[in-house]
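Shown here is one chain on its own, the form predicted on its own, set out as structure tokens.
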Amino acid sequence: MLDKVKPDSGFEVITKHFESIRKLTEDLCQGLDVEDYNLQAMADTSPVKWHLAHTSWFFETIILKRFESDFEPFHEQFEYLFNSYYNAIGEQFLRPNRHLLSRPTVAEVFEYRRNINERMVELLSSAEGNPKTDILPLTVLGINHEQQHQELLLTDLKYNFYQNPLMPSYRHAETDPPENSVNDLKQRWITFDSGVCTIGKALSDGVAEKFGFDNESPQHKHYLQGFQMCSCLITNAEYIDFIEQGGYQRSELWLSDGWAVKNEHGWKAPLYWFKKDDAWYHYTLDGVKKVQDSEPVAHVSYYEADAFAAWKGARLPTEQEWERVAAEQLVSGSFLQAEHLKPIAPKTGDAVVKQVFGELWQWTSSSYSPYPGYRPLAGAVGEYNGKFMINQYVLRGGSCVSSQGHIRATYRNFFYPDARWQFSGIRLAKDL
């Protein structure tokens, strides 16, 4: 949703937030060489250079073009080259061919970003006190859009790097970060009673109190039967048991589509995993590491998560069950700012249900569909979420490459059920 910002969140506050988020995107690229910027190993990923340009395109096309009095495009072809999927704006360069854009150069893209930054700051400065109040909510939307692409930049880069037999490391640290120590936290089933719960973002006279995407609204009531939820995310050790007990060979555990996809692609373990000398290893943004038993299993598809749940005699939670649990907790966990760049083992603490936020996006059994009363926004921004509400599943919670300030209990991520390159994991639920 395009929220109007609180009175204490004026143009100066939003300008500072805009500048810090734009800087963070570029900070994520500091360790890269120019050869890294144009990698695209599959259509679902995008090159780093494209992410840098597209986020600038958003501010230029959605905001500057509308509100800048003497608007001129930075480059007349950029509106076409870096349009992701907005049909209301015009044609788009083919997504699978983004890696073919050797021009503009990386240097030109950074110059594009500098130009848009300066113009956005000037616009925000001149707009203070102006009745064109849409500038603020659209800027907040653009900031959150850029935070999504910061996460995608790292997620895509990991997959693109993984295609290289050299297994390059994203970070050029002199020493490896310490491995997680094994802890003795055990999975427990936590019971939640039946009842009516509140789902989604609150609106007051059509104006949201805080930012949320349009797919998080309207807020509504939902009745839940009593259920149980696992206290922690499923660990690598638990998933290795599934593998070793024939989980990938037992068709009765799998949805029909999942079984077909698994066989077509030859899945035998999560993405990035391989076995060497009878030990499991996986590729991380810090290079190849030994799989740690206590860490949450990552990079599994909905199909794999569902098959694991069936093997355990359980199921995946609905997104409403997940939100019912998450609404009672502070948004804390291992996020991008922690710089782990991989999920870590659960920690002791007061929370009964742990690892709700951060670490990994958690698959739910809920198909991505509109809430009761949902209406897409008007204009091009109405294409942001609504038109994708088919054939995908909802994930919740954020991941180790999500920004903490970007995540909330109502946040709905969504992917196709065969997606594995995202930082996605498993939490189980049961009926009472």
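Note that the coordinates shown come from a computational prediction; the quantities given were computed from them, not determined experimentally. Start at 1 with the first residue shown and count on from there.
FYI, the form predicted in complex with another copy of the chain isn't displayed, but the following is about it.
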Completion exercise
Assert contact_stretch over 399 to 407, 50 to 58, 26 to 34, 65 to 73 against another copy of the chain in the model of the complex, heavy atom within 4.5 Å, equals 26 to 34
Practice task
Using the partner position in the model of the complex, report whether V196 sits within 4.5 Å of another copy of the chain, counting heavy atoms only.
Solution key: yes
Practice task
Determine whether any heavy atom of S256 comes within 4.5 Å of a heavy atom of another copy of the chain in the model of the complex, and answer yes or no.
Solution key: yes
Practice task
Answer yes if any heavy atom of P137 is within 4.5 Å of a heavy atom of another copy of the chain in the model of the complex; otherwise answer no.
Solution key: no
Problem - Exercise: G10 in contact with another copy of the chain in the model of the complex, heavy atom 4.5 Å - result: no
Completion exercise
With the partner omitted here, the residue among S125, Q337, Q249, N164 that in the model of the complex has a heavy atom within 4.5 Å of another copy of the chain is N164
Completion exercise
Students should find that, of K312, R119, H222, K289, the residue having a non-hydrogen atom no more than 4.5 angstroms from another copy of the chain in the model of the complex is H222
Handout entry: Heavy atom of each of K276, Y281 and F308 within 4.5 Å of another copy of the chain in the model of the complex
Key = no
Practice task
For the stretch 371 to 390, return the residues whose heavy atoms include at least one within 4.5 Å of another copy of the chain in the model of the complex, in the order they occur.
Solution key: P372, G373, Y374, R375, G386, K387, F388, M389, I390
